[in-house]
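One chain comes next, on its own, written out as structure tokens in the form predicted alone.
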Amino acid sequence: MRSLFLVALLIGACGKGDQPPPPSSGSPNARPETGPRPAADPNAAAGSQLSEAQQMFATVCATCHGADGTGNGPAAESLTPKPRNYTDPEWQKSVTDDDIKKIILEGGPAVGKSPMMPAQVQLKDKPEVLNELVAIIRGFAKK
């Protein structure tokens, strides 16, 4: 009878999901038990870079350029000159993606624009994030 119970217990424990069980102790500082982990998603890095670009635009760029890209962010009223309106079709046609990348990386003074536009040098080694920021800016173009 005892061996039948052990066999049933072992069979029942197999395939109970891929997540490790919760901590077995009632202690708030208990460490999770180890167990099988889901396989790494090869697209996870690309997704995190995309969200990094979106987060950066929302927290850094939109402060001046606005969430809608029209240059009406919360800080825009106090700035002279006013921030770029990304929805302006003439401006969109007048700049290349490389121009936009240079402005983002080196800031306004590097391209003869407002010294209030800060450089984002931390993106130099993050080309995927930089490319996605350009895509976000291009996405504001009026059709």
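Predicted model only: the values in this text are computed from it and were never measured. Throughout, we count residues from 1 along the sequence that is shown.
Here the subject shifts to the form predicted in complex with a small molecule, a form of this protein not shown in this document.
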Can you check whether residue 74 is within 4.5 Å of the small molecule in the model of the complex, heavy atom basis?
no
Residue 83 near the small molecule in the model of the complex, any heavy atom under 4.5 Å?
yes
Is the gap between residue 67 and the small molecule in the model of the complex 4.5 Å or less for some heavy atom pair?
no
Residue 110 within 4.5 Å of the small molecule in the model of the complex, heavy atoms
no
